[in-house]
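Presented as structure tokens, the chain that follows is alone, the form predicted on its own.
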């Protein structure tokens, strides 16, 4: 047990050590290779990085719970886009336009409800059919993206509300609104996963689904709630982001599911389920943003950034596999 606890602590601390290495490397490399004369990461840039991490970060937190369960959700990018369209378009409806800024909480509610409903559809199909979540959400990813294009063709959906913009751009204690949403979501989900029966059940199901069923855990309804939760979080991410930008394109959110999964895996969550950490996923999100900014700072193009992140992800998965294999061998001895 002590060995397992020590291994878990190493896993959880590894992502933060990686962030420190990134900061040191790009700060030094920037002195010689930077295409600009600005410092790589001063305090203001760090605050901006946290704000920019929020859209992917909020989704990645939900993906952590799904993956701890032993599932995956590939539809979050499409859910994000559809919730954004509902948010902005609903504010132009005649009865919404007539009530002025009172339409804002209603529009948020419509967008969040959209995410919950789409997540519930995924959860119900996984629960009632027994089809693997990868296949179910691959299909719903295509279907939900189709709904995005059906809603407004290939045209962007736009509505700029200055009250929303002011709210989204506001700062409290130096942190942007989006950052507060990210940190608040991380805190609430950490409490959910560490202090509640639902969280303990998530780990139990991911470790051994059959044993969880035999222990009396209702696996199907548990899946349903978690898919509804990630749908809600994908919609919340859209609410946070598009309250400021005011315009959504039909292709927005594409590849968000892959970025979210990458952040979760970098944070140490097992693809097979049963292990993961909300706080480490937050570190994974920050590490990816640092990597993208750092490589851009020294003049790397987008293709190089994606290549480097892909190689790091493969290395992390290989290392995780080797550590898990070594752990199983130690348990046998």
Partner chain sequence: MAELTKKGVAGFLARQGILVAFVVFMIVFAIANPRFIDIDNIFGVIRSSAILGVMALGVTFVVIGGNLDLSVGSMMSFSTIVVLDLHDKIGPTLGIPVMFAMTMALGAFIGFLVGYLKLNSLIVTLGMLSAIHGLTLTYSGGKNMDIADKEGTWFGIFGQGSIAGVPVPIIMFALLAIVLSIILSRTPFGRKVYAVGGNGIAATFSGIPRARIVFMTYLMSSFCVATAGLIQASRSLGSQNTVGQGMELEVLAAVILGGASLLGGAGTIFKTVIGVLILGFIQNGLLLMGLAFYAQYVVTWIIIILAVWLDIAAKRGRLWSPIA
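Between two forms, the rigid core is the largest collection of C-alphas that superpose within 1.5 Å. Positions refer to the first chain, counted from 1. These numbers come from a predicted model, not from an experiment.
Heads up, the form predicted together with the partner chain isn't pictured, but that's what we're talking about next.
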Counting only non-hydrogen atoms, the one stretch of 236-244, 158-166, 251-259, 97-105 within 4.5 angstroms of the partner chain in the predicted bound form is 251-259
Is residue 144 close to the partner chain in the predicted bound form, meaning a heavy atom pair under 4.5 Å apart or at it?
yes
- Could you confirm whether residue 28 comes within 4.5 Å of the partner chain in the predicted bound form, counting heavy atoms only? no
Contact between residue 313 and the partner chain in the predicted bound form at 4.5 Å, heavy atoms?
yes
Checklist entry - Closest heavy atom of residue 226 to the partner chain in the predicted bound form, within 4.5 Å or not? => result no
None of 219, 116, 186, 175 but one has a heavy atom within 4.5 Å of the partner chain in the predicted bound form; the exception is 219
Between the partner chain and 92, 110 and 289, in the predicted bound form, does every residue show a non-hydrogen atom at 4.5 Å or closer? no
Of the residues spanning 192-212, the ones with some heavy atom within 4.5 Å of the partner chain in the predicted bound form are 209
- Does superposing the core leave residue 302 with a CA shift of 2 Å or more between this form and the one not shown? yes
